[in-house]
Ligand code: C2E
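In structure tokens, one chain follows: the form predicted alone.
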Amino acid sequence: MLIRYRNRIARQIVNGILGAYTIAIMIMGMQGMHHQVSFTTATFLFPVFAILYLIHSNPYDIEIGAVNVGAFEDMITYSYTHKRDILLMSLFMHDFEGSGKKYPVEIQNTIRHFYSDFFKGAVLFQITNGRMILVVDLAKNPAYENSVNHMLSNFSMEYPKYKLDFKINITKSVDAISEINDYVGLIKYIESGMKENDVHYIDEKDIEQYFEYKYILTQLEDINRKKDLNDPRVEVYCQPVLNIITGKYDTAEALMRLRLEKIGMVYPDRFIPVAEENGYIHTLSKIILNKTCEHIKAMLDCTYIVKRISVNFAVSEVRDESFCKDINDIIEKSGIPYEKIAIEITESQNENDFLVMKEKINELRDHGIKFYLDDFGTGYSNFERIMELPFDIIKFDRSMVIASAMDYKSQKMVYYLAKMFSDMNYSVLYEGVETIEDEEKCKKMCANYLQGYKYSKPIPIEQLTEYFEKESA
């Protein structure tokens, strides 16, 4: 039966059991030739029992031949300690991740074929349901590059049969990663920036960026733990906004920056997704709000005309029961009028988020806080919900400005959208205005406010006084 169904069982298992029996038969034959009777042959069954024990105690998947994540970590430690260079090939298929589904038999056979036929002594590890990592000893596979290319070529030929999305990462062992046994973290980080059905060879730049990511994460953890609303690592930058009616700058958008000791300035695209993923974003938003309020107070004390400054909040923050209280407490403590602060927020597709958002917006608007619908024109837009939410200003994304220049039809569409909001007493703000042509076009499309590089790049909030005017002037 073992020989008959050998293609359905990992080669290591088949070889182990058949090898043990082969030795046992040879010993039995030698005993017979010498006319001896002995039970010593039974000792050769022990390896079989050991293999079966390993199978049923979880390390081995008997069908694919994969070992679990604990064994993977042990192998990394062993290879690093004994200075053995290894190659790691990660396959991730999100269709199986977190679903509890097992790979179909056809895929199991294909995977087994890949790692057993192309490499000598390779070991497959099942990290999660959807993630496997193949570890290859380079000393046993000097021509590994040819084997990798051959395997990937075969993989691309198999893909049309199953059409399951995948991400493949390939890397040689790196001492800095082996030392902390963090290849899974590295691979997940790389995958976050990959497209589906792509193969990526991890290089030194990827490693450097990953360590920067880990450093940023530890700093965010520390900022969140300390909850210091004046934390110097979090800086407020602002982008002035032109008021079309007055022709002056009296509003602005507050933007987040991190300034960290080891790597200097960190821009939002590098840390905001990390903060949102790990639940640190609300602490950062409170710091930005607090520093913005303090600076508005300083500007008002110096008789500068400040209509308002907007601060961005994530939809996930609105779900927090203390959302309104946190905002009220910070504004009240600063001593500025509530109407000097606006909150920018994007629309959510989630029905529960919509109901909560509606409740929280109404509560804060009662105090005089204005609300912006951010990034209109990108992603999901439900007009019925937008009309139900009491926004004051609709921010048209730069993509709408670009679209209006494509052709007459697109320009008319953007114009009538803006006019509809304007007729319903919403103010319209276009962001991403970069040229005189953009400006003139937006003015013709019912603009109340304009924001973009034509007027100013984001600047430290302390420099807003260069744009805002004093009452005496």
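Note that residue numbering follows the sequence shown and begins at 1. As the structure is a prediction and not an experimental result, all values here were calculated from the model.
Below, we turn to the form predicted together with the ligand, even though it does not appear here.
None of 66-74, 424-432, 25-33, 440-448 except one has non-hydrogen atoms within 4.5 angstroms of the ligand in the predicted bound form; the exception is 424-432.
Though the ligand is absent from this view, in the predicted bound form it lies within 4.5 Å of a heavy atom of just one residue from Met256, Ile111, Ile331, Ile309, which is Met256. Interface residue among Ile288, Ile327, Ile296, Leu220 relative to the ligand in the predicted bound form, by the heavy atom within 4.5 Å criterion: Ile288. Using a 4.5 angstroms heavy atom cutoff to the ligand in the predicted bound form, none of Tyr280, Ile343 and Lys360 count as contacting. Looking at Phe313, you'd find a heavy atom of it within 4.5 angstroms of the ligand in the predicted bound form. Shown alone here, Ser79 lies farther than 4.5 Å from the ligand in the predicted bound form, counting heavy atoms only.
Contact annotation: Pro458 falls within 4.5 Å of the ligand in the predicted bound form, judged by heavy atom distances. At the 4.5 Å threshold, heavy atoms of Asn181 stay clear of the ligand in the predicted bound form, well away from it. Residues Gly452, Tyr453, Pro458 of 445-459 are found to place at least one heavy atom within 4.5 Å of the ligand in the predicted bound form.
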